[in-house]
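Here we start with a single chain on its own, the form predicted on its own, put down as structure tokens.
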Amino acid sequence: MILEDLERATGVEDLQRLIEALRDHFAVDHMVYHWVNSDGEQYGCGTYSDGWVERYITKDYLKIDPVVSGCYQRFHPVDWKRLDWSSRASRQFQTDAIRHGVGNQGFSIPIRGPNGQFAMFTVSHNAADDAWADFAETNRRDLILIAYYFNQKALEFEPGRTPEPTTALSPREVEAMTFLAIGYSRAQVAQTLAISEHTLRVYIESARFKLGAQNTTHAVARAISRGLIVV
């Protein structure tokens, strides 16, 4: 239902409404889609307070935010607790963020789209470490897929964007390629998707054919570079 609503979105206003609905669905404090383009211009939507957004921009926190730098250096989803908060500037930033209601826990998904695009899809909350670890483990797969679809839709609304022709992958092909990209074995992917390895092979070969790839690794690389999957 959520992905269907995303597909029907026709503007940034719809994305804002949907991200608020997603926050409520997952019962977390905040959910944010954040895209910084090559010129340093910030774009996106989310549920942080206007006060915190304004403060983040005014203080130029983008330059010291460990979440942004940590995600930029990684391909896999990032738990904020595993980032480097050792510098004085980082600790002050964290204290300021918590004071403005951002939450003491966070889970961010780096997104790499076409033409070097970089964005993040973030969930944050106030919770104990154990409870948050359970939440991230339980919802990791769904959040990755939602992040991918959210970014694809956001790209449609980029000001001045000239759409590039791309080969569409089916939802199952997207899921299969995404899990392979983040390091799952074929057996693990099949188990996660509750399908046989034979069926998984069909999805992989179909995606490989659509992408004109020589092998599975080549197909994953092309899917990432074209923004068809998020890792």
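The term rigid core refers to the maximal set of C-alpha atoms that superpose within 1.5 Å between the two forms. Bear in mind that the values here come from a model prediction, so they are computed numbers and not experimental data. Sequential numbering from 1, following the sequence displayed.
What comes next is about the form predicted together with the DNA, which is not displayed.
- Exactly one listed residue, out of L62, I182, V202, V53, brings a non-hydrogen atom to within 4.5 Å of the DNA in the predicted complex: V202.
- Although the partner is absent here, T10 is not a contact residue: none of its heavy atoms lies within 4.5 angstroms of the DNA in the predicted complex.
- In the predicted complex, at least one heavy atom of R208 sits within 4.5 Å of a heavy atom of the DNA.
- When the DNA is considered in the predicted complex, T216 lines it closely, a heavy atom lying within 4.5 Å.
- Mapping the unseen interface onto this chain, T58 falls outside it, with no heavy atom inside 4.5 Å of the DNA in the predicted complex.
- Contact with the DNA, judged by heavy atoms within 4.5 Å in the predicted complex, is confined among 24-32, 191-199, 45-53, 66-74 to 191-199.
- Put the two forms on the same core and the Cα of G51 is off by less than 2 Å between the shown form and the other one.
- Core-superposed comparison between the shown form and the other one: the C-alpha position of T216 differs by no less than 2 Å.
- Superposed on the core, the two forms barely differ at K63: its CA moves less than 2 Å between the shown form and the other one.
- Compared with the form shown, the L180-G106 C-alpha separation increases in the predicted complex, the change being 3 Å or greater.
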